[in-house]
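In structure tokens, one chain follows: the form predicted on its own.
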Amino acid sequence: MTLLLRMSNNGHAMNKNLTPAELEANTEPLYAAHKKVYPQAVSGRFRRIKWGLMAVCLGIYYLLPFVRWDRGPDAPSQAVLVDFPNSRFYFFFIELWPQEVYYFTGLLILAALALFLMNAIGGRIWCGYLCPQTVWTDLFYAVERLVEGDRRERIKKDDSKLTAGRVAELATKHTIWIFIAWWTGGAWVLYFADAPTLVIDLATFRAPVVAYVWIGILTFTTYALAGFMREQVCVYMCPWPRIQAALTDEWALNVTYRYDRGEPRFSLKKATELRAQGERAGDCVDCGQCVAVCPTGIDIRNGAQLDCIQCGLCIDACDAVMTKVGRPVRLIAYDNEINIERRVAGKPPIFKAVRPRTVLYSTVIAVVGSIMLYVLATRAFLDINVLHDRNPIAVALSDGSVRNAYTVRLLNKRAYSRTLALDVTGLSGAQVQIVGLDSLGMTRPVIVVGRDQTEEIRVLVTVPSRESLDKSTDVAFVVTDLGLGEMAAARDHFILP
């Protein structure tokens, strides 16, 4: 079959009689080969914001495990700690147990909604300024520029032959990269054990094997993602660019080339001549600086693109050029198509940060956050769970009394031991006995539960006569702290045979 359909350079389909060889020679590949990106250094407002956020984010990540928080004797003193052996999560004054995992669910909901709100207001703010991939890639780029030079020097060195000096530069760069990646992995494991102690154990090779394994895994992933894959993670691996496109609207501010000002493009000299003759010339002098500084290597003048992480560096680069050529800044800015159309029509731009979408996100964030704060502020530090025996479900004794057996679990979330009294209400004349505890004849059996512990006990409840009971009677197990007076209760049933 020689009648084939081919796309021409201007995007229109043409019918041609092509042989297979001609088709192969004239057809562009479906996927373009990856080209290494060499971002150029730039200074300006958005670059300073990125430096500041990088310092804050990395400072928190690396130093937070060493922050101390006094929780009393025999309690962990690390401010943020994931304590797997004792099944606890500590965050300053907050201590969470495994059964309180719903707090993490709430945090994930808040994080997602905050991401949606940021997207509705300023596009991919997260990607451009706060994403770990962006932060560490920026750090690796800074090391690369420090060792190898800026964009032109790096391109020239990569195109030239290897020399002893070049090998030394590469070795220095990769050594620093590996050190950063290693400390990144090391800092992560410090959140799962006492940081100063674990650092000493790691240095003396006495730490658990799993710590070395995870440091190795995270060192490799940081080194590979920030040192080599870089923008490919944002373009091909991360799902957020695809998701956010479905969540944005026409009012969201994105890094935008204001083509109403920039077009038609001419060189500075040609634009000056045209303006002198009274003809129109755009502010864009086609210098290419916006492309040179882009960490993903795109041309923002081609419009909104999936590859753009909205970091604002092209704004800084363009502003610097506009200042030099004596034109107004913000030819590239956070803007939207609506304002471009309004300026073309001679209308002033408008910005609508408050609109139904942002109000909805903000309201849900406030509601979910308030619920979490209320539950956290009013949560109990004493809890009780009751499980009725299933076999036998009830026992009739020889004296006519009836006994039910229960497994009761007491939870003491305080940092000290507590003396607890157990009561069973809803049964007249019931006798409560704790197996293994000499509580026979006691109306309120007492048990001591250690600090930050759970205690499982077997409880026998006996009623002297069955005549006054229905088939099943609701009962409440109430545990009371004899010191603080704090109480907790759980309901179950007393069943007749």
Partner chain sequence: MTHHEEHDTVTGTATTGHQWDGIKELNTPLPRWWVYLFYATIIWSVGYWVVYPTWPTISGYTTGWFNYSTRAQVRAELADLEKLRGEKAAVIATASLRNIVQDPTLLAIARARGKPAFGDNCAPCHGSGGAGAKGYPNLNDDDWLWGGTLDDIKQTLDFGVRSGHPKAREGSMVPFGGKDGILKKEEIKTAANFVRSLSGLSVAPGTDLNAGRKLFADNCASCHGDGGTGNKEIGAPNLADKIWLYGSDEASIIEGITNGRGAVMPAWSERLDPVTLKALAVYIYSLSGGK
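Since the structure is predicted, the reported quantities are computational estimates derived from the model, not experimental observations. Numbering follows the first chain given and starts at 1.
The discussion below concerns the form predicted together with its partner chain, not included here.
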Quiz prompt | its partner chain: the contacting residue among 378, 398, 277, 160 in the predicted bound form [heavy atom, 4.5 Å] | solution = 398
Quiz item: Which of these residues, 458, 48, 451, 68, gets a heavy atom within 4.5 Å of its partner chain in the predicted bound form?
Solution: 458
Self-check item: is_contact(residue 204, its partner chain) in the predicted bound form, heavy atom dist at most 4.5 Å
Solution: no
Quiz item: Using 4.5 Å between non-hydrogen atoms, is residue 349 touching its partner chain in the predicted bound form?
Solution: no
Quiz item: If you check in the predicted bound form, is residue 392 within 4.5 Å of its partner chain, heavy atoms only?
Solution: yes
Quiz item: Hey, in the predicted bound form, does residue 435 get a heavy atom within 4.5 angstroms of its partner chain?
Solution: yes
Quiz item: Heavy atoms within 4.5 Å of its partner chain in the predicted bound form: which stretch among 71 to 79, 86 to 94, 384 to 392, 306 to 314?
Solution: 384 to 392
